[in-house]
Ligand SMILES: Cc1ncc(COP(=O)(O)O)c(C=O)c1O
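The form predicted alone is given below as one chain in C-alpha cells.
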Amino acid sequence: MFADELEGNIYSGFSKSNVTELIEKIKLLEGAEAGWATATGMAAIFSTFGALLSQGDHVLACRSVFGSTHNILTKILPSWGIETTFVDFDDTENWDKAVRKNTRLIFVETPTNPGVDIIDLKWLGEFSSAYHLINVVDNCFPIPYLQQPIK
C-alpha cells in the first residue's frame, strides 16, 4: 500500500475508513463530485482559502460573516497579500463595482451567522459565472434537504 501498488488504509493521520464513508455520504447528499472532511468548520474555511488563493488575489465577501471568518479575511489573509472587499448581502446591484481584475472568489454564508440573512444562491451562481469566479458557500445551518448550494 505504501508503494501505491494496492489500495487501502495506510495511516489514520490522513485516511480513515469512517472519514471516507462520511465524505462519500455528504457528497451524495450535497450533489458534489469530491469532498474533504476537517475537524472543524474554521479548519474547512481556512484550508479552502489556502487551497484556492495566492498572493495578489482578491476576495469578494458578504459583510455578514461569522466573527472567526472575518478575522481570517481581515487579519490573516492580508499578511499573505490577499485583500477582501465586503459587500452587503442585499445590495446586489452594487456587487459588480466590487469585482476587480484580481478577484478570485466570492465567499458567503447563507443563512449568515449570526444575522441569519438569506442570500439568493441562484443569483449568486449567475453572478459568479458571469465573472468566472469561484463560489465558496458556508452552509453551516441548513441540511442538504433544505438547501444545496452546489445546485
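Numbering starts at 1 and runs along the sequence shown. None of these values were measured; they are calculated from a predicted model.
There is another form of this protein, the form predicted in complex with this ligand, and it is not shown here; the text below is about that form.
One residue of Ile82, Leu60, Ile45, Ile119 in contact with this ligand, assessed in the model of the complex (non-hydrogen atom, 4.5 angstroms):
Only one option qualifies, and that one is Ile45.
Using a 4.5 Å heavy atom cut-off, state whether Phe141 contacts this ligand in the model of the complex.
Answer yes; at least one heavy atom of Phe141 falls within 4.5 Å of this ligand in the model of the complex.
State yes or no: in the model of the complex, is some non-hydrogen atom of Phe66 no more than 4.5 angstroms from a non-hydrogen atom of this ligand?
Flag for Phe66 set to yes.
Looking at the partner-bound form in the model of the complex, is Gln55 within 4.5 Å of this ligand by any heavy atom?
Taking the distances in the model of the complex, the answer for Gln55 is no, it never comes within 4.5 Å of this ligand.
Close approach of Gly125 to this ligand in the model of the complex, 4.5 Å, heavy atom
Outside the cut-off, so no.
Only one of 25-33, 106-114, 88-96, 47-55 gets a heavy atom within 4.5 Å of this ligand in the model of the complex; which is it?
Result of the contact check: 106-114.
Would you mind checking 70-102 for residues with a heavy atom within 4.5 Å of this ligand in the model of the complex?
Sequence-ordered list is empty.
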